Structures are given as structure tokens and as C-alpha cells.
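Single chain ahead, written as C-alpha cells, the form predicted alone.
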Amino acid sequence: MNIGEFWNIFEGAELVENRIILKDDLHKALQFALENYSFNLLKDITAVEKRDKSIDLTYHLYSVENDEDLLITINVWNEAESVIDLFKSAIADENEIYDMFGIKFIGNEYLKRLYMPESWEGFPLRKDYIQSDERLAWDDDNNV
């Protein structure tokens, strides 16, 4: 893969180890990788909260045709572009990240809590999340 094309098309993109770090244009970058390099499988999306409370989202793409992996990372605060129109498999990952970190994916009409009950307050994988005994008390119907 020629990373130079990403630098030319996506201003401010950087190559750090084996990943491309974007400043913006996530959807366009993933579409570019899909259409121009056959990265046709989204293995997963991961989220990591940084010290400044922003979230790094990393998209792990795979090209079946070329047997090649590509990681694309973008830093977000409270929302990100959904990519379910490009990769249907993103629905589950986007829901999980919303449920655990509170990131809203713009354009994902299926966005909902995946593991926690709808009435759950807060996002358990955020560093500022406070666990209390009351929040952890579930009844037999998995209601808080």
C-alpha cells in the first residue's frame, strides 16, 4: 500500500508505526481504502480514552484480496461519523463503543446500549466513571 496517497488526499494524516492517524475525514478515508485498496473487511473498531478525556477510535481493516491489514485511527470527543454504510459489521462495534464510552455515531440509526440496560447512568469504561453499590445492584430481570 502506498501511504503517500493518503498524505496527498487527507491533509494532516500521519503514519505512526503500522497505522494512519487522521485529523478528520474518517468516512472519506475508509471509503478510499475500501475502493482503492480493496480493504473490504472491517475486523473491529476499538476505543481508548486518553488523559485529556478524548477517545482514539481505531478501525482495523483487512484486504482479503491482498492479505493485508490497515489500521486507521482518529481522535474524537463526544461523537464520530458512522461507517455502517461502508461496513455493516460496524453496527455492533459502534453500539459497544457508545454503550461503554458514550461516543455517539452520527448516521447510525441503530445506536443503542448493547450490554448495559437503557436506564444505566454513565459509561463504564470512561476514566471518570464512578462505581457505586447502587448502580451494580441488578434484579432478576436485569433491571437496575
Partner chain sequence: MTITTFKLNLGPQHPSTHGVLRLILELEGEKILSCEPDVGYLHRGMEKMAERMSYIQYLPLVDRIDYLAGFFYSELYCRIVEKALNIELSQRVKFIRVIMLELNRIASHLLWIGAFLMDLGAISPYFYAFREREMILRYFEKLTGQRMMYNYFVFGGIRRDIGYIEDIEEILKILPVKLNDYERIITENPIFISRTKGKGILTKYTALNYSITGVNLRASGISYDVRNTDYLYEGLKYKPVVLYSCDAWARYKARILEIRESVTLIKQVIEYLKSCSPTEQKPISPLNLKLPEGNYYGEIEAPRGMASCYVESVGEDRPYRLKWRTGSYYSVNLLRKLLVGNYLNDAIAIAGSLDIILPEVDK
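Numbering follows the first chain given and starts at 1. Just so it is clear, the model here is predicted, and its values are computed rather than measured.
Just so you know, the form predicted in complex with the partner chain exists too; it's not on screen, but the next bit is about it.
- No member of the trio Lys23, Trp77 and Ile103 reaches the partner chain in the predicted complex with any non-hydrogen atom inside 4.5 Å.
- The shortest heavy atom separation between Asp44 and the partner chain in the predicted complex is within 4.5 Å.
- The closest heavy atom approach of Glu81 to the partner chain in the predicted complex falls outside 4.5 Å.
- In the predicted complex, no heavy atom of Gln31 sits within 4.5 Å of the partner chain.
- In the predicted complex, no heavy atom of Tyr37 sits within 4.5 Å of the partner chain.
- Of the residues in 103-122, those that come within 4.5 Å of the partner chain in the predicted complex through at least one heavy atom are, in sequence order, Tyr110, Lys112, Leu114, Tyr115, Met116.
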